[in-house]
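In structure tokens, one chain follows: the form predicted alone.
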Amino acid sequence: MPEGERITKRGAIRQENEARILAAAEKVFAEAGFGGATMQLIADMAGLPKANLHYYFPTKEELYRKVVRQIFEIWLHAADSFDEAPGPVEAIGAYVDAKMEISRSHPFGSKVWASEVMHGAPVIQDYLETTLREWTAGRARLIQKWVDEGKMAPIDPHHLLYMLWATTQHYADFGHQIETLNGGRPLSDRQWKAAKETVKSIILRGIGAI
């Protein structure tokens, strides 16, 4: 096998193993918390030897921070619509769609983040004080610009963002409650679509954007 092909294959194996580990770690950290999770539990969930886990992530804290950073970066990309949209209807509508889809596809990551923050963010406080603060300030300035242009009601941009986060992440963090109230079944594709449209309608009408 040519050297370039071997390198490509090794890279693909590494990506696959890291993805398996991160998916397993999301679930274990969500269910057991940082303190209750062990590298052995995560290795078992991933179906890999513990030694392999330590090869990719030498410590539990490093793996935990990677899990948290991954969901955070996914959420950040969901807000790209703010930079590209002409106004709040398009930006917030697309943001709600993206955030709710993330709640559907990454419920455990959302729960890890929620648990971490509710416990005072002992591991990721630096993220909150830097990246999240800067990101929030940038989105708030853009929302204020739309307010000043008369595209939406004069509301506090920060509280709008808090409401968007709380509403969209509810579908991940309280997924069990939603399933229970849905007859013990996960929401269907049709129900997810209806949920997105309902949330968008309530928020966009509430801020006077439509």
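Remember, it's a predicted structure, so these values are computed and weren't measured experimentally. For clarity, a rigid core is taken as the largest C-alpha set superposing within 1.5 Å between two forms. Throughout, we count residues from 1 along the sequence that is shown.
In what follows, reference is made to the form predicted together with a further copy of the same chain, a form of this protein that is not presented.
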{"query": "Interface residue in the model of the complex among 184, 150, 49, 58, criterion: non-hydrogen atom within 4.5 angstroms of a further copy of the same chain", "finding": "184"}
{"query": "Interface segment, criterion being heavy atoms within 4.5 Å of a further copy of the same chain in the model of the complex, picked from 40 to 48, 138 to 146, 63 to 71, 166 to 174", "finding": "166 to 174"}
{"query": "Contact test, all of 120, 125 and 128, partner a further copy of the same chain in the model of the complex, heavy atom 4.5 Å", "finding": "yes"}
{"query": "In the model of the complex, residue 89 touching a further copy of the same chain (heavy atom, 4.5 Å)", "finding": "no"}
{"query": "Residue 111 within 4.5 Å of a further copy of the same chain in the model of the complex, heavy atoms", "finding": "yes"}
{"query": "Touches a further copy of the same chain in the model of the complex: residue 133 (any heavy atom, 4.5 Å)", "finding": "yes"}
{"query": "Residue 195, heavy atom within 4.5 angstroms of a further copy of the same chain in the model of the complex", "finding": "yes"}
{"query": "Members of 29 to 57 lying within 4.5 angstroms of a further copy of the same chain, judged by heavy atom, in the model of the complex", "finding": "30, 31, 32, 33, 35, 36"}
{"query": "Rigid core superposition, residue 160 Cα moves 2 angstroms or more between the shown form and the other one", "finding": "no"}
{"query": "Core fit, then residue 27 C-alpha moves 2 Å or more between the shown form and the other one", "finding": "no"}
